[in-house]
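Below you'll find only one chain, the form predicted on its own, shown as structure tokens.
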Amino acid sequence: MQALRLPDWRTAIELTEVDQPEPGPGQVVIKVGGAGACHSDIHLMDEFDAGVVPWNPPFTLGHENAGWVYALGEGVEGLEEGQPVAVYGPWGCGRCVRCRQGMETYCENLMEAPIPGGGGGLGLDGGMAEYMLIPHERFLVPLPDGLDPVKAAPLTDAGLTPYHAVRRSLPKLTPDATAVVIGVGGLGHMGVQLLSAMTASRIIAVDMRESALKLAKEHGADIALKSDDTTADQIRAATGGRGADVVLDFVGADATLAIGAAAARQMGDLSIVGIGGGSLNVSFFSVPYELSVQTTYWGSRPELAELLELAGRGVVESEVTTYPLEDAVTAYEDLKAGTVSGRAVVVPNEAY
């Protein structure tokens, strides 16, 4: 079968022939219907070296995946061939407290995981291929009626990551609150939708691109602001001087972190979701009093099930630009160029 592989760190990706996987005991093979292309993959291609993460190439890319159950290993129960499923991306040990809570992204026993600190497309073979091996049935979440694998695939990361970030700040997202979304890309456009669907807060979207700001308005943003050195002042003006109750930074660069800290309200939340490599000086007087600054990483398996239900009912929808598997390299080139609308999704198979 064909697969898009990362041969080594800082090496060009390549579409090549590999053996089709077969499931062992407790394992499942899915026929891939959609695999999202993520900016974090570009970090793997262009920036990482050996030792940065506890796993190494070669492996097949694609950690946002959905498709259909194709083959079941011995002992697998609760799934049937042809069933549409989404893949929960972070693969932990399954036994520690965090994993038993469904938060395998925060596994505390990483050396006992299928791949330490990774998963399919992150150290093990991912979904940029015709078929994908899933090491345990718990990593599959059935799709609700009305949700196809192409739309579901980006929800497993680009949807789940902002869903988790929004959900953890829900107590502060009251009807009189203001939420700011910085960066309306693959994750940020989902963040705007989720804030609109889950809260009655006012939403301010921030981006450098007019097309992204237009997308934000279409998905529920009340105010759209161009990112520059006046953005924080504009947010404070729009909130009567008090600042934003919740800031979700989907970029994570020096400039966006500075905007978030300057625009945040006392006792607010600043969640750093993007991995843009920026840093924020935190001291007694450098941020508003009692501002909670936190990083978030992906989300839990129960949260993915909740999000898929919302999408199945049409409450939220991932905007996608699709590519056939033979054009998967082009998908990443477009992602680097910033020309993708919503999320780039590679489609290895169009039907079961």
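Note that residue numbering follows the sequence shown and begins at 1. Because the structure is a prediction, the values reported are computed rather than measured.
Although it is not shown, the form predicted together with a small molecule is what the next lines describe.
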Using a 4.5 Å heavy atom cut-off, which of 285-293, 52-60, 34-42, 313-321 contacts the small molecule in the predicted complex? 34-42
Give a yes/no on whether Phe250 approaches the small molecule to within 4.5 Å in the predicted complex, heavy atoms considered. yes
Would Val206 sit within 4.5 Å of the small molecule in the predicted complex, counting heavy atoms only? yes
If you check in the predicted complex, is Tyr297 within 4.5 Å of the small molecule, heavy atoms only? yes
Although the small molecule is absent from this view, report whether Ile275 comes within 4.5 Å of it in the predicted complex, heavy atoms only. yes
With the partner absent here, would Asp157, Thr161 and Ile182 each sit within 4.5 Å of the small molecule in the predicted complex, counting heavy atoms only? yes
Among Ala129, Leu195, Leu270, Leu187, which has at least one heavy atom within 4.5 Å of the small molecule in the predicted complex? Leu187
Students should find that, of Ala232, Ala224, Val85, Ala212, the residue having a non-hydrogen atom no more than 4.5 angstroms from the small molecule in the predicted complex is Ala212
